[in-house]
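We give structure tokens for two forms of one protein chain below, kept apart as structure 1 and structure 2.
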Structure 1
């Protein structure tokens, strides 16, 4: 039976990986198609309004924009698979070299936020869920409801107004010198991280609270209490393990939300990450950079979902049972 379980688990993971690969291929199609319908023309954006029809045609031929769309897509996809993301039309540099530091800066911002967010969300969610309808639960519910209702750019603007403009404690924008790690300038990361924490904690705490409250009020925890087991042991042995599956999903959803939320926060604080790069590239019609950044963001989202699925299957044995 153990061998069958391991075989079933390997099969489930293999199927999810296959689904992920298929999703990434579909995403590549959507990203390429979306960049083809962007308003404006890349050659015109590079040469300007005074360009002649002859120069525009010559540049389109140099860039390969006069080739069939199918051929362009296959060439681009082949480059992506081999690690070649193309060349920036605006900067004239390889896309990987251009966005490498910015991808790293975004990952640092996301990692710092998650390191702070996960333990705080779990602690507040557990305390609130174990004291359902109490004063602490009501306070947490009101605060998180307010956090969910306020968009990230509003939260960031208010924090910048309070902590940077009025109190002067922090810089209002994150002007990190090019080529340097954001960790070397922590003062520039405080406002972006705080903004993401406020927005991320609001939804994460509420979801963790629901899972903990359901586990705390279940039949097996009531039976444990009636047996004279201490509340602390009930929480440690029955409530937390049974709420862990929901916690994994919540953390995965939060990490996926960060992929989109970081784009907005980076623009608010001028943080030098992929979000700011994406917006600037769309404005300058730098299609290779737009395609690369959009594909990277989508791939991170899909891979996080894959990791959450695998973790959930490992934590919940009944999910490995074939129906």
Structure 2
């Protein structure tokens, strides 16, 4: 019956975690399968047109590609679990060494974007959701629609044209010297962050807006008004707590969306992050790097999903407590 089912709550969260671990394993399988099993293997990618059957066979043996697929997979997975991400074919370096700095640069970009984006999204979403179809809401809803619809690389290109080419305020590319923190060069971060904000705000504001509007137009909010509760109090105690779920989802959604958006923005501005590495490795078919980076990105994505799920369960009474 009543009472907060601490026990079942723990069970619920444990189940979500178990599902996430399972999902991670499936993802590792799929990443490996997609890159290794599909036609066109690493050896032919390295040798290209100069390949002869003999040199191919030799290289395959050297890379261990002649072994059974399951053995290769287990080997690779074992390495990943113990922190060995493999060796880049193009650079000849361990993948961990190759992407170490770049992961940092990407995380800085993501963090700065999130810190700016989340509060703006929540504020705009609440303001426009409270007065659905008001002037601000109309403006916000058309702007966000446009923001969702324009590809990040077009936004980035247009922003670079405007702010770098025509106005000359900012550098058009983010040529951060290797080994230095992007935070030491804020001028290189403005355009990437701005591009991510324009694209990211659009979808997140819409989501908050819907959540807030739903709560603001609900029967319980009408009831609060009919009980003489002041408008400020209605917003604080009736609307916002019930829009919280939407707020949490927004943060999760933004973070998830950033995972994809950053790859593109890094390419647009030649920002030295891990997304750029991923794309370059895909283009050069540097499979070990693709596998490692894809796995890291997918893992982050899945973990963010998990965090959002758990946060939702903890924050929404109806999910937290049992009948």
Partner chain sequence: MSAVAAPRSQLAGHRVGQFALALLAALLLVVALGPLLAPDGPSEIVGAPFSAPSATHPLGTDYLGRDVLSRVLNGGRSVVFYALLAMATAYTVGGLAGLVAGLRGGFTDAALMRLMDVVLAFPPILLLLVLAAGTGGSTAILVAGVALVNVPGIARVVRAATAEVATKGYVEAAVARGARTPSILARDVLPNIASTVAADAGTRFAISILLAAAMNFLGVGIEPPSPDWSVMITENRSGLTLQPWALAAPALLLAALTVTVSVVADVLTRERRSAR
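Since we're looking at a predicted model, the values are computed, not measured. We call the rigid core the largest set of C-alpha positions that still match within 1.5 Å between the two forms. Numbering follows the first chain given and starts at 1.
In this pair, structure 1 matches the form predicted alone, whereas the other structure does not. Once you line up the core between structures 1 and 2, the Cα of residue 27 stays within less than 2 Å of where it was. Shown in the overlay between structures 1 and 2, fitted on the rigid core, is a CA shift at residue 264 smaller than 2 Å. Once the cores line up, the CA of residue 57 ends up 2 angstroms or more apart between structures 1 and 2.
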